[in-house]
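In the block that follows, a single chain appears as structure tokens, in the form predicted on its own.
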């Protein structure tokens, strides 16, 4: 079941002479974990702004083609209406957090749509619990670490109970350990709640562990669209300069030496297991 569908989607910012995204046709299914990647300036953020209605309702410009989210044509519905279905987590959580306490930040979106107070309380408690930050509810966001702030930003979106969560490079300000913890939270929300996740990310070594659908963009167009093993193993994808996971690079190096693993490993754990199987087989 498609939750997002685009057909020939093209957008040019006000005053722009060339489209930022061009002729994009995609189908994203409910419950998928999408990794959207590509070089800087390729149009990833612009495409995400279309999903929640910031384009064309906040950024004007020229939008062509068609985009349907949760059976709603984006061009026909307001940002506030679309926000009930698509939540956006920014790259820098400080741009998203402004209240005096974590609890108030998480409640803000719910208050904005006029939700009853008792329902707000239930949803805030639930979102804080799901993201593992119940103990931070009274803390001021500016006092928190980068990883904690990102969890608050995710909780504030999660409280709206969206069908789709879009995360625009949410770990770019975090070290690898902090990034992995955030990915674990996102993955849990995806698996437990069947929320469709669209993750804009360059750290493919980490993201590949969770993703089941990869979209590669460049120069405003979608170049590749498919499963992670198929996409990452493609020589054409490697030629784009996308940061292929190291496990896939190892697979290719072994293949060049005449050593064939039974499938393309996505993570170092998978690569270790596949290599161990070959060693055991050769010894037996």
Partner chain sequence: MIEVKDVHFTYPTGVKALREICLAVQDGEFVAIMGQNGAGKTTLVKHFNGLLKPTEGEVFIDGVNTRNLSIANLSRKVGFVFQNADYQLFCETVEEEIAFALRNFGFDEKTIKKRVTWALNLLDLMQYRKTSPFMLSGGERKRVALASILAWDPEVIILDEPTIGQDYHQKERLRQFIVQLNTQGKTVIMVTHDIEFVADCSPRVILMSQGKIVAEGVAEEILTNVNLLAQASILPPQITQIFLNLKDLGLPSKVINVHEGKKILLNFLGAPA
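Positions refer to the first chain, counted from 1. Because the structure is a prediction, the values reported are computed rather than measured.
Beyond what is shown, the protein has a form predicted together with the partner chain; the following relates to that form.
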| query | finding |
| --- | --- |
| Residue contact check: residue 233 to the partner chain in the predicted complex, 4.5 Å heavy atom | no |
| Contact test in the predicted complex: residue 175 vs the partner chain, heavy atoms, 4.5 Å | yes |
| Contact of residue 272 with the partner chain in the predicted complex (heavy atom, 4.5 Å) | yes |
| Contact of residue 163 with the partner chain in the predicted complex (heavy atom, 4.5 Å) | no |
| Contact segment among 221-229, 66-74, 24-32, 255-263, judged by heavy atoms lying within 4.5 Å of the partner chain in the predicted complex | 255-263 |
| In the predicted complex, the residue from 194, 188, 134, 180 that sits within 4.5 Å of the partner chain by heavy atoms | 180 |
| Stretch 66-89: residues contacting the partner chain in the predicted complex, 4.5 Å heavy atom cut-off | none |
